[in-house]
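As a starting point, one isolated chain is supplied in structure tokens, in the form predicted alone.
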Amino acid sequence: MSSAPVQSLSVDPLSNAEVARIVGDVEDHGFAIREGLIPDALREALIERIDALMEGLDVPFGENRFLGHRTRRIFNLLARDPLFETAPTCPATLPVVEALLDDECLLSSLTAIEMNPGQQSQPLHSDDGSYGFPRPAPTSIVVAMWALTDFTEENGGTHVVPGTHRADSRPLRGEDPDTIQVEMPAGSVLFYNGSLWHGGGENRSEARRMGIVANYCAGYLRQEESQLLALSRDRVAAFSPRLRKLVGYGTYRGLIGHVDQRNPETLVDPDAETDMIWGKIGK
């Protein structure tokens, strides 16, 4: 494994103007691609750490077409290694997510995906499909997909259907709309609205395609992966205050998620402030 300390693998923040441009693209088209956001040092360290985990955990291939018979996934990355803490709070991605949701959003899941040669295309789907909202729905899920290797037409770059974040339905089985295939060099990030129809492509190359999927949800939703159960309190206590809130140790609008009328962050930091809605009523 790489011996580089986490703090040395820094990422340059986006300018306010660039955040606004990306947000505009996602709002207009449902997705945006930006190259060169993840520096090589961090990207290579992440690949090295993921490869070690794939071997150490003996991660199997998926058991169905959706998960991919030639695809391996590592879930619950924050519990695996401190290096993965760089992803949810990344200054090149989180400001975009916060602008599309708000600054009280939650990390819904953090997953590494390795698509190997021979993997067939994934069915089109939308990541907010399990919530059952009427369509079109307000933005409640935003995803930042990190390209740790090149995403190409040959190795299964993600297919997207532009504009479907405003569609009045989810993709039906067997539906075959025109798609655009995402091609982007390693170090790029694909941002997309969780209502967008998308799916992994077919890997016809002789190389794997690897990425990290950071899925965020609005603060009032239940997370895709239960971060409160997946992470020990000792683990969360070592997180930055921002990451603690992202995994659920905070409240939404001073109410949702409280514990005995207190900010749940006090469970891992007794000095954390509690600013609950009840204290504001009547003032």
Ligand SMILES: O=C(O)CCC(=O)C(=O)O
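For every residue, the number given is its place in the sequence shown, counted from 1. Just so we're clear, the structure is a prediction, and the values are computed from it rather than from any experiment.
Beyond the structure shown, there is the form predicted together with the named molecule, which is absent from this document and is the topic of what follows.
Residue-level contacts in the predicted bound form: of L106, L78, M145, A112, one residue has a heavy atom within 4.5 Å of the named molecule, and it is M145. The single contact residue among T158, T93, S195, N203, judged by any heavy atom lying within 4.5 Å of the named molecule in the predicted bound form, is T158. Note on the interface: of 84 to 92, 165 to 173, 98 to 106, 124 to 132, the segment with non-hydrogen atoms within 4.5 angstroms of the named molecule in the predicted bound form is 124 to 132. Proximity of R72 to the named molecule in the predicted bound form: non-hydrogen atoms within 4.5 Å are absent; the residue sits far from the partner. Taking the partner from the other structure, the named molecule in the predicted bound form has a heavy atom within 4.5 Å of a heavy atom of F66.
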